[in-house]
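Shown below, as structure tokens, is a lone chain in the form predicted on its own; questions about how it binds or moves come after it.
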């Protein structure tokens, strides 16, 4: 039974809160997905819709989630089911909030696996474990596949090296969550975020000093890489795919639509600022993504491989850019083992500050709705997550992770963001919502944003959701995206779907039990 007399945790400092929420937002997508999206969608042409989406979608959603979170915290709710229940006095509201818990938990399960690769590669870099005489894409892709358990060779005869590093990553995550908001998550942010920025600045300086690595190929230069990103081809702006890709990237870069910001904001006091804090978080994230993330992977790839080859690398995905092309480049640089080490450690810090944020909504749900202690809630979540992450690790080569990433980490984000925007701005009421966001604020949000949040933001979300539904979700659901030689993955894809349905079912059942117990307690108190 929830203990309403027990004081909720609080953040130790405002800077710690901002760094923690920025750490939640700054993840692998800032340094891997963003450059890939920019390269795939015309470089500079991508940046124009990207910044428009940031103003009309990113910042409004950031304020909406901070507002919902702080408001829910006033009623001792640190997760979406309870928050939605106080926004909308309807029996369905709490069950809609299950989507937020489902998304954060599901992403945490597979994200921990990806995050462990960055820790592994930081170790491999410093000890030159992937260094060879003539590095090329084939042997670096082979090294990555062997490490992930897709194939054998390159010193990896099994998945057990990757599994051991995953367990270390898993243990660090849950040790931080175990220590709590201030002593765990906030302390991590105060250490990891400054180091992340220091490492990124070192790498950016090294990129700027590369110039033209091969004088015989003057077109292979860092400056052509920057020109590719920042010189827009305006003729491409009539392509709706670029606009949708830019809007989609905003979700990944700000970590909106997954219930994590709500959980962090719920530990604020009723009159703590969220207007300036939300804006500061978004600005910090954009600096990390655009200024730092945009100045490393793509420019350096163009300097060594040229624009055309870099675009081909980008088409192969973020993993190929980060774990295949970058290791090749490090082997061509003096002190490449050092730069490889800080690159992958930077990614690890970006990953872990995001993954602990994904665990917090579940812990808050168990504490607030079931009265669990922090220790009991963390251990319960750890045992469940470890069981599920084993499936991701051992079935990775069969598309298990990709299936979870699409439904929870891509399509699900838009569904939940649209849901929370409608509840806050329409059901709860735009005037009340805007007043809530501005309450205690160090700045006054321009009133135009009230109308953006009420009309423009949900319209953009609806367009993205319908577009993705028709172009991606339905074909993926019907397995139309699989090639004939990939049909062996079908049982594992359905296994991933069954796992996700089970996770959602468990969450819905727990919500039902929590609210049933609450009603029973109210009845007993009334007697």
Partner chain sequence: MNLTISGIIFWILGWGIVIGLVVFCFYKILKTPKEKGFNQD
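Residue numbers count along the first chain shown, from 1. A quick note: this is a predicted structure, and the numbers were derived from the prediction, not measured.
Here the subject shifts to the form predicted together with the partner chain, a form of this protein not shown in this document.
Residue contact check for residue 17: one or more of its heavy atoms lie within 4.5 Å of the partner chain in the model of the complex. Taking non-hydrogen atoms only, residue 92 never approaches the partner chain to within 4.5 angstroms in the model of the complex. Though the partner is left out of this view, residue 51 does reach within 4.5 Å of the partner chain in the model of the complex, counting heavy atoms only.
Taking the partner from elsewhere, residue 269 is found to have a heavy atom lying within 4.5 Å of the partner chain in the model of the complex. Only one segment in the set 364 to 372, 392 to 400, 217 to 225, 103 to 111 has any non-hydrogen atom within 4.5 angstroms of the partner chain in the model of the complex, and it is 217 to 225. With the partner omitted here, the residue from 178, 208, 338, 451 that has a non-hydrogen atom within 4.5 angstroms of the partner chain in the model of the complex is 208. For the candidate set 306, 440, 213, 429, a heavy atom within 4.5 Å of the partner chain in the model of the complex is found for exactly one residue, namely 440. With respect to the partner chain in the model of the complex, the three residues 148, 155 and 487 uniformly fall beyond 4.5 angstroms at the level of their nearest heavy atom. Looking at 275 to 298, the residues that come within 4.5 Å of the partner chain in the model of the complex, counting any heavy atom, are 276, 279, 280, 283, 284, 286, 287, 290, 291, 295.
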